[in-house]
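Single chain ahead, written as structure tokens, the form predicted on its own.
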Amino acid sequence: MATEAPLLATRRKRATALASSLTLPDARTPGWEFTDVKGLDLANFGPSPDGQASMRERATAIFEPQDGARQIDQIDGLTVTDGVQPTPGQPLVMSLAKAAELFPELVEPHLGSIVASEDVFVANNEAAFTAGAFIYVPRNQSLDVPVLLTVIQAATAAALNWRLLIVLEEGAQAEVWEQYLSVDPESAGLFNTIVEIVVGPGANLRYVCGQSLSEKSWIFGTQRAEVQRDGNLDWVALGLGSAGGKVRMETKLAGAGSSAKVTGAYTGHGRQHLDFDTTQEHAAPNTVSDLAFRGLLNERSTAVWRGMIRVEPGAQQTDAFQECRNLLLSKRAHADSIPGLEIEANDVRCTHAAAIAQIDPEQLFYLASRGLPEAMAKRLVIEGFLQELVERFPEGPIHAALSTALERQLNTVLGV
């Protein structure tokens, strides 16, 4: 490994020692009861070699870059940046390794402060990651164009460890999109990602993350955000690929008046297994969180969503909502939705909802009675189910991107 910034080398040394002492979770590990990883051997996945920039064109994208977008492409172990030179005191979009070398005073206070290493997947990521990005927006400044991070796994039997750190200081604004892709639909790799997000006082961040990895690959993700006083986070997640794994999404509303909206969708077919574990942690008064997930499952695919609203003592005037609705297109598909509440304050409003259902035959009959073929009627019902999620956003880039991605994925799930 090439010489790297001292702060990364120090963290890597500690994580390497820690990783060797940690074991994989099993069915007795809290939160892992529905996701079996006993067939996973981390030793079977070697380090990612350097990829080739040309592989970028071979991966089917979920999101296309918006006009003027800043971009970073990661192809296995190769980082390709947009070539814009970093300027101190201005917003930064750059590789994490380069940021740790040039701006350690900006990276060190936050790296590892949001996601702790005491977990086998986090420790392995920190011990082995060769890929990463750093997004930084100084106080009262804005990133005037969106950022698109594209992480591509091309090598098979390799582990791609990706790390993203986003820091918005007080009053800052940014929009960051990232996508995890595979080149070969038959490749069996391991994708391990950590995302740490710091939203400062009065700052606003939209963060969109989608994965469409090979359906023979594992994905493990630990993504966590902390939002300070009067800050706002708009978080969108799409789970479209992979064979199995688990993605943990945690939002901590750490400052009074902070808010977060979390919108997610996952789709499965064949024997895919998708697992999302979400937490809305209210640690300050007058905070608001709103989470909505939709799942669409066909054939023998399975999914689990586990959601927790946690209200800490003193977090009065909390307003929190969560829902997860699943639509099963096959009698062999299966979903588990597990909402939860932990409330230690007495002046709050916290509600949750979960539903698992198949397509309503009465809806199909109604549409068929008006002359629609069964396949078209079925598709209209499904599109209406997904459109409820898209309508959480006004007309604009995010509305259009979600509509396009879900429409394209619906063709895959239905096999058309």
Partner chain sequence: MPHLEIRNLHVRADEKEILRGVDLTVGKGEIHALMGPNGSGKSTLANVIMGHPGLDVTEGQIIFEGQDITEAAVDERARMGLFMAFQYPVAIPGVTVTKYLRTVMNAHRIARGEAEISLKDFRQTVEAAMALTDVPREFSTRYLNDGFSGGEKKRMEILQMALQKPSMAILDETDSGLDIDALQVVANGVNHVAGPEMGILIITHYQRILHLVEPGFVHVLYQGRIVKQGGPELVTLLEEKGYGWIKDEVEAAAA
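Please read all numbers here as calculations on a predicted model, not as lab measurements. Positions refer to the first chain, counted from 1.
Absent from the display: the form predicted in complex with the partner chain. The rest refers to it.
Visitor: Which one, Met376, Ile356, Ala353, Leu40, lies within 4.5 Å of the partner chain in the predicted bound form by heavy atoms?
Guide: Contact with the partner chain in the predicted bound form is made by Met376 alone.
Visitor: Looking at Gly384, Gly68, Pro30, Gly46 here, can you tell me which has any non-hydrogen atom within 4.5 angstroms of the partner chain in the predicted bound form?
Guide: Of the candidates Gly384, Gly68, Pro30, Gly46, Gly384 is the one lying within 4.5 Å of the partner chain in the predicted bound form.
Visitor: Might Gln363 be said to contact the partner chain in the predicted bound form, defining contact as any heavy atom within 4.5 Å?
Guide: Although the partner chain is absent here, Gln363 would touch it in the predicted bound form, with heavy atoms inside 4.5 Å.
Visitor: Does any part of Arg370 reach within 4.5 Å of the partner chain in the predicted bound form? Heavy atoms only, please.
Guide: Although the partner chain is absent here, Arg370 would touch it in the predicted bound form, with heavy atoms inside 4.5 Å.
Visitor: Does the partner chain come within 4.5 Å of any heavy atom of Leu380 in the predicted bound form?
Guide: Leu380: yes, in contact with the partner chain in the predicted bound form.
Visitor: Verify the contact flag for Asp26: yes if a non-hydrogen atom of it lies within 4.5 Å of a non-hydrogen atom of the partner chain in the predicted bound form, no if not.
Guide: Asp26: no, not in contact with the partner chain in the predicted bound form.
Visitor: For the chain shown here without its partner, which stretch in 387-395, 343-351, 60-68, 46-54 has non-hydrogen atoms within 4.5 angstroms of the partner chain in the predicted bound form?
Guide: That would be 387-395.
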